[in-house]
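Have a look below at one chain only, the form predicted on its own, in structure tokens format.
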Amino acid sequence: MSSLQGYVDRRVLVILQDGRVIIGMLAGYDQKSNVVLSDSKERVYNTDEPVEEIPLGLYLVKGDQIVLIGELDLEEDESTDLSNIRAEPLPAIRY
């Protein structure tokens, strides 16, 4: 995943195979696509309640659990009122 070099020191959104959504600053990665996120939070989506953000701090994600990594638009993210968002959680991937 050499293309991750451009995301280092930027805020990214990571979607995992179990459906979790984690946001954090990409601090580093290795040849196995393991990534280290700093100042990270998990966003938990629910149809009945607002989006919950759970602080995780420094967080290591195994590369084989990652489905998607993308840079987060900071202006768009900060202007979004998460208390008004209701959504189905992402389902886990089944093989």
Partner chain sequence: MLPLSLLNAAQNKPMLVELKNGETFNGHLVNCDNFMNITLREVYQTNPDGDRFWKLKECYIRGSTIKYLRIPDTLLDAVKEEQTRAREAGRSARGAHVSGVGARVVPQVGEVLRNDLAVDHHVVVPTEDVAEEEVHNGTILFFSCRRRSLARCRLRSI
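Numbering follows the first chain given and starts at 1. Just so you know, these numbers come straight off a predicted model, no measurement behind them.
There is another form of the same protein, the form predicted in complex with the partner chain; it is not shown, and what comes next is about it.
At the 4.5 Å threshold, heavy atoms of residue 30 reach the partner chain in the model of the complex. Contact annotation for residue 64: at least one heavy atom lies within 4.5 Å of the partner chain in the model of the complex. Although the partner is absent here, residue 46 sits far enough away that none of its heavy atoms falls within 4.5 Å of the partner chain in the model of the complex. Using a 4.5 angstroms threshold between heavy atoms, residue 57 counts as touching the partner chain in the model of the complex.
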